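As a starting point, one isolated chain is supplied in structure tokens, in the form predicted on its own.
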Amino acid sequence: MTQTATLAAPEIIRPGPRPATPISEAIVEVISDSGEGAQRCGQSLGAIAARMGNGIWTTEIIPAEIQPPARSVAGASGIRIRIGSGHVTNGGDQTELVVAFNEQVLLGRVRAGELKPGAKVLLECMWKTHRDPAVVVSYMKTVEALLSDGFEVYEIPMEERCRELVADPRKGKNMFVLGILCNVYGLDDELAREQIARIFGKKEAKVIASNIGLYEAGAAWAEANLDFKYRIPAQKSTVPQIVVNGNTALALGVMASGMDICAMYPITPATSASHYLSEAFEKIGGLVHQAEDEIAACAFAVGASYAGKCAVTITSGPGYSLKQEVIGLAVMAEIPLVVVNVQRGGPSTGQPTKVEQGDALSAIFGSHGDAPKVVMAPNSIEDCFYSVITARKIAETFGMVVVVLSDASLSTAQQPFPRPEFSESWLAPPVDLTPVPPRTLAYDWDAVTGLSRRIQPGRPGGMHTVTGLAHDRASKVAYDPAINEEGLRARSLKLAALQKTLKAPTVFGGESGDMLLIGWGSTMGAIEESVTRLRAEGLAVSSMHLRFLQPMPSGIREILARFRYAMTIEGNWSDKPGDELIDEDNRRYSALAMLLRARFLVDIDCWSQARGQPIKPGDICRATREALKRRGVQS
């Protein structure tokens, strides 16, 4: 954004006629200082649109600090809402309309290129009459620069109008803005009032009434002062829908799976899953245990699983690193365990509030010695729910650790999906306390599958020692080379046994072509949207998404053979071929590309981003066109 020195009063757009323009989708952002409620405003907007029948996807914008300085670029806190007439699977490309509570929180979004050229900017205007001259200068310069760069700026007297209704405008602006946005996009007022009543349902009636009044004031201001209005066609779903974020979906999956224990230590961005469980789990007989640290949380979960039913521990990258040794104990003792890792930027404390897919190799290989684990990656908010149910089943059936790799993009994003219809098959079976047949060995490994019967504590005739040391079939500590190798073989065979049950991944787009894009986890929606766009341009591009990273299903080799080229799309680091020192002898590939190249001995390229932001369909399109162009393929 070009800055200018002049402080002449900028020419702000004035209101005019407001015909409702039909559009297929909109991408909106609400940005504020931390604590001003921008995220609640955006979540409410998305929920109202979803109840009307629109597709939505929300992406939270969270500062790294718990209490960042007010009016700072780094302190921007907010949310992006994508509303569509059909199913929406990702946050989309650039923002078309942004509401900012001050000009500083807006600057970071502008500098990062998050706003579409010519985007509409609705800006709180209290700062142009602020008592601090430096604030006035900052505001005026920013507005002038925005206009100079082609943005449409609309000044909003949020503070002034909210003060007429509440004593503390800072606690009312978000509902005032919700009224503006519902008016702009033609959302239903009655549904909005119901949403506000739901948000503040635990408060007094006067609090609900006050917030509805703020909403109505915002809608009235927009009707009287803005010169644009849109209508996004909606299609009511024929089946009941729920609107939750990925962490809530994970928590619901924990409850639906029949697991009774969740042990964890708070860590961003995984903590909200435990918040939900803390409110709801006890009602169905579950227990949330907050341990003193990550290691203790994992040990508690392993102990609970050993006692009878599978338990889950939920964490993020740094916490997963701390859990590694106890995870190794569960592998060696063949105790079922589900570990949810809501990935974030790393290494170390890295970017605690930003998205990254950096933990795949750690989940698969992280441990001392050979410790085979199943590694799954949900590809949508709905899949967060079902992946946990599947993980519990696999953990108990195979006596293994199952790692579920969600990430910060899924954790806070909201999306509607069909309300799950409960099935008895989801639940864990009752704890088996029947007598163990005489001469049964604690680890009677099957020669083909590596599986052995699980013996819970308390079963008559099943007494044995559980140890993390190398042991024989009777669970006696053993240092004999052949016995150690026998245990390693059995634990590895479990992965092969599971792999034989997995279906081949499906291909999105054509079954063959020039380029196959391959992804895993939260990138699926953006990848498939980019494939749709590229195919509309005449390019023979398809995609394949992996839900299991270990073991990988059969059929991948045959799919790769049907395409001239393949390229992974990932949210982690890979060296850029254009860098001066990088060549084929030293280039570091992204995680999935490394795994696929090693597994199938195929020259698979990679394109990745680790910018702390969800990958955009437009960026994938550009990267794919460039990759095809380098290979002489044109549309």
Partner chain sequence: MSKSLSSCVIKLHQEHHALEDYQGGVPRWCNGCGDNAILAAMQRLCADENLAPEGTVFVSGIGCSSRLPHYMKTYGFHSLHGRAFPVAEGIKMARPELNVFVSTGDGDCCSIGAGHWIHALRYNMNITVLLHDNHVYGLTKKQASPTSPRGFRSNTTPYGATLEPMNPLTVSLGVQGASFIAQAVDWIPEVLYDILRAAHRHRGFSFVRILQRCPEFMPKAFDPWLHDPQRTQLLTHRDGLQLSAAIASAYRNQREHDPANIDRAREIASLDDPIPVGILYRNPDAPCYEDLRHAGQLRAPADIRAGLEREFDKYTVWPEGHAEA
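Just so it is clear, the model here is predicted, and its values are computed rather than measured. Residue numbers count along the first chain shown, from 1.
One more form of this protein exists, namely the form predicted in complex with the partner chain; it is left out here, but the text below deals with it.
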**Asked** Taking the partner as it appears in the model of the complex, which of 124-132, 71-79, 212-220, 243-251 has residues with heavy atoms within 4.5 Å of the partner chain?
**Response** 243-251
**Message:** Taking the partner chain as it sits in the model of the complex, is residue 206 in contact with it (heavy atom to heavy atom, 4.5 Å or less)?
**Reply:** no
**Message:** Residue-level question: is residue 272 within 4.5 Å of the partner chain in the model of the complex, judged on heavy atoms?
**Reply:** no
**Request:** Mark residue 293 yes when one of its heavy atoms lies within 4.5 Å of a heavy atom of the partner chain in the model of the complex, and no otherwise.
**Result:** yes
**Item:** Residue contact check: residue 155 to the partner chain in the model of the complex, 4.5 Å heavy atom
**Value:** no
**Item:** 259, 335 and 433 each touching the partner chain in the model of the complex (heavy atom, 4.5 Å)
**Value:** yes
**Request:** Would you mind picking the one in 559, 488, 427, 226 that has a heavy atom within 4.5 Å of the partner chain in the model of the complex?
**Result:** 427
**the partner chain: the contacting residue among 458, 437, 118, 369 in the model of the complex [heavy atom, 4.5 Å]** = 458
**Asked** What residues, if any, in 282-313 have a non-hydrogen atom within 4.5 angstroms of the partner chain in the model of the complex?
**Response** 282, 283, 284, 285, 286, 287, 288, 289, 290, 291, 292, 293, 295, 296, 299, 300, 302, 303, 304, 306, 307, 308
